[in-house]
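Before any questions on binding or motion, here is one chain by itself as structure tokens, the form predicted alone.
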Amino acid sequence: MTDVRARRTFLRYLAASPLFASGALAPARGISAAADKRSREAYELGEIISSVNEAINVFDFDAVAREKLPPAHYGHLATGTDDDATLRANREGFRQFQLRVRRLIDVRKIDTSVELCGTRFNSPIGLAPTGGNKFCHPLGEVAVARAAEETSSLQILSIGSTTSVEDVNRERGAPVWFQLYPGEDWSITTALLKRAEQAGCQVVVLTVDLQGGSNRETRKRFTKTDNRDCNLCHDRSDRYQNRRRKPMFDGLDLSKYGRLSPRGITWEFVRRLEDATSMKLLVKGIVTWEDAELCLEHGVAGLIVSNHGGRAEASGRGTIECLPEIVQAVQGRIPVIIDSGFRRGTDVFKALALGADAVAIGRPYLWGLASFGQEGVRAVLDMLRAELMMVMRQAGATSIDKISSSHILRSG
């Protein structure tokens, strides 16, 4: 039996197992129940799309990704933290909000463009930082950058990228935003900032939601089922081996880097970071109004409401539920971007109506990347933008700035 056939047989076995049905092994329990059920049925029946043109929604790309990726890689992509309750909450939170739609408005022309940190993008839907894109597709971040260039979309590059920032900027045709996990040694952090600046990046995104670590049980379960020899790619004897394979760590003394998210950094580190770079600084991982106010106090240029796609903490709160208190605290003084759990154009519209300036997606574009490379990423972006335009027409909002709180109600 070939590896692909063996993997398919294994996944069908998982899909049919009582553990999977109960949710104990569900790899993507943050998606809607109906879509997840349909996705599992696709594996059992072999009804997996063979081209982007066959896709009906972004979940169809998840089905292909599950089929193509090794179990350990798919488990890494699908996992949340603990029992994935926060991952589920990211999807379930959207049900708490209803849309108020309007009639008899001229909606022949729809403008989805937005301006963020001095750059205009064709859509409020951007690409969140995700590490190691080559585990999904050989071209990795290059394919993502090309799709971002084709659609004029925001791309935030992970520090854990498997392609250098210089190469990504060249393929994107414009500077991407650079995500930073600081090292424990300040010289490492300044070296990373300098490299991003020299590559032309104008925005740095400090990610702050993993200081406490996270228990990713779904990833562990899937890794146990992967019968490949992982040592062929991952040298377990070298504690820094994984970073050595990531270009942004080239030339750095990894023994001085330490943890990706040092447990000792505080808000004073934000001030220090601002003084050390000419790039605009955004803070990613904000989920409370208190921390939103601290972002303002420390002069950051913007913030990203994020729980790392349900991988940062077991709070049980979806980011869409966190958004209103953060928007209330910020009062429009800095841009508010949100990620985690966005799968539909209606999801994006709800966030914009609640006051977000833009939305970033992670898993959906990785599903597209694993499925069909650049074409898959482009298809996911196009599909979500088309869905957003449809709901904008339904609501009578002909541009992003015309989406307002009048378009949304909280259920009950």
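Predicted, not measured: the structure shown is a model, and the values here were computed from it. All residue numbers refer to positions in the sequence shown, first residue = 1.
Note that the form predicted together with a small molecule isn't included here; everything after this is about it.
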Assert contact residue (the small molecule, in the predicted complex, non-hydrogen atom within 4.5 Å, options 308, 146, 88, 137) equals 308
In this chain shown alone, the residue from 97, 181, 249, 177 with a heavy atom within 4.5 Å of the small molecule in the predicted complex is 181
- Query: Contact between residue 320 and the small molecule in the predicted complex at 4.5 Å, heavy atoms?
  - Reply: no
Flag residue 378 as yes or no: does it have a non-hydrogen atom within 4.5 angstroms of any non-hydrogen atom of the small molecule in the predicted complex?
-> no
Check residue 65 for me: does it contact the small molecule in the predicted complex (non-hydrogen atoms, 4.5 angstroms)? no
Original post:
Does the small molecule get within 4.5 angstroms of any non-hydrogen atom of residue 362 in the predicted complex?
Top reply: yes
TL;DR on 113 to 121, 320 to 328, 217 to 225, 75 to 83: the one with heavy atoms within 4.5 Å of the small molecule in the predicted complex is 75 to 83
